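Only one chain comes next, encoded as structure tokens, the form predicted alone.
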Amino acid sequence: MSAADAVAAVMFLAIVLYAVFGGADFGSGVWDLTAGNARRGGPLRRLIDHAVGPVWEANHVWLIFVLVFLWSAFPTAFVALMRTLAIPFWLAGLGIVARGAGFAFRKYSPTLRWAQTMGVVFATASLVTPFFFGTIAGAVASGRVPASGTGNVWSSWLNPTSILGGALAVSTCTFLAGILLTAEAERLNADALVEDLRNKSLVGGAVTGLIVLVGIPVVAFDSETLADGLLGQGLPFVLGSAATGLATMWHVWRRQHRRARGTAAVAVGLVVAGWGFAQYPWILTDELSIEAASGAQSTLVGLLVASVLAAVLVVPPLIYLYVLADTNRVGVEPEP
């Protein structure tokens, strides 16, 4: 494995981690959006605040990691992406900022109306942000980002594969968040929430599966290289994701919510991994390979050293934070 491949692998691992951990956060906002009015949706919103509050900012470390690595290791690809896909990148960034502002300010709103407004901002941004990230992935995977960076600023991300990517991103985030929130509600003995979230998660899983089935002919028609990759080196990951997704539905059906939490995370991770392996060795499909896009060897080596340091200095505190959140030692206990 070359240094460029190693850096790309580390970068893509961070994308997988962001999809799982950040995706669960975004999905919780979608559940917030559909929770109902202040009276009916209050218990679920308090559960979301309790589950997401301690970790929602920490999860963005993976996105920062990816952008820094992309800029440093693959500058040609970075420029091409930011020029051609400037609109969805800006909209996703705006969504992240609006989501954070809404989540924070609704806790300190002087009136109920203002709190509801901030809640709508948080929830709406949680819906649109993963959609735009999904359209970016679809644009890259379908070969619509030329190495020159002169791709069409609209059709590059408004096309069948990109729309499919956006819809799949939203549905998987929502499904994953539903599973995690169900397990959290069960741990807190919030029985009414458990049943409500369980039923909605089953529907969410079915919708996600339907999107995947509809997406098969879309990808085959619109993105030939991606389709070939998914049937080639990406196939084990696709099959693994399907198997763990079905296992998650089975666990939820049998009310084994703690087990469902693990299989759901694996299913989402394998979906993203399948895309990465299907696209290899391209960083911009059909346009720019990983090797051709890589920067100076000294930069790549430096990034690999930084990755090792991050694994030692950053990952353990993050794991500890997740353990504290999962064992109820940070955050505020929600009312049942």
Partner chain sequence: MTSWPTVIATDALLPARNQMALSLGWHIILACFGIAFPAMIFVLHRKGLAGDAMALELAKRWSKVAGVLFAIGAVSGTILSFELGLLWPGLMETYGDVVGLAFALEGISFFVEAIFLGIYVYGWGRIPGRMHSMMLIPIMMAGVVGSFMVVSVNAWMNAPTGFRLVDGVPTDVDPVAAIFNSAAALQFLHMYLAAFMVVGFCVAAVYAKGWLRGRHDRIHRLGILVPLAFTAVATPLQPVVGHFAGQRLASEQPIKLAAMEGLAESEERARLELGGYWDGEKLVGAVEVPIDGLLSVIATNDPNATVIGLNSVPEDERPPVGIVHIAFQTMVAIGTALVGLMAWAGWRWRWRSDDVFDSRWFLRALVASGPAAIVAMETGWITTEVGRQPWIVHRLLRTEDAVTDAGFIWISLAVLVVVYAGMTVGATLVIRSMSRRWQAGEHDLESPYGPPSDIGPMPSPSDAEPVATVAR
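Numbering follows the first chain given and starts at 1. What you see is a predicted model, and the numbers here were worked out from it, not measured in a lab.
From this point on, the text means the form predicted together with the partner chain, which you will not see here.
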### Task
Heavy atom within 4.5 Å of the partner chain in the model of the complex: which of G151, G245, G166, G215 fits that? Just give me the one.
G151
### Message
Does the partner chain, in the model of the complex, lie within 4.5 angstroms of each residue among N37, L94 and A310, using heavy atoms as the measure?
### Response
yes
### Query
Since the chain is shown here on its own, which stretch among 256-264, 108-116, 216-224, 229-237 would lie within 4.5 Å of the partner chain in the model of the complex, judged by heavy atoms?
108-116
### Query
Should V314 be classed as touching the partner chain in the model of the complex when contacts are defined as heavy atoms within 4.5 Å?
yes
### Task
Could you confirm whether E287 comes within 4.5 Å of the partner chain in the model of the complex, counting heavy atoms only?
no
### Query
Might L67 be said to contact the partner chain in the model of the complex, defining contact as any heavy atom within 4.5 Å?
yes
### Message
Considering non-hydrogen atoms and a 4.5 Å limit, does the partner chain approach L127 in the model of the complex?
### Response
no
### Task
Any residue of 230-256 with a heavy atom within 4.5 Å of the partner chain in the model of the complex counts; write them all down in order.
none
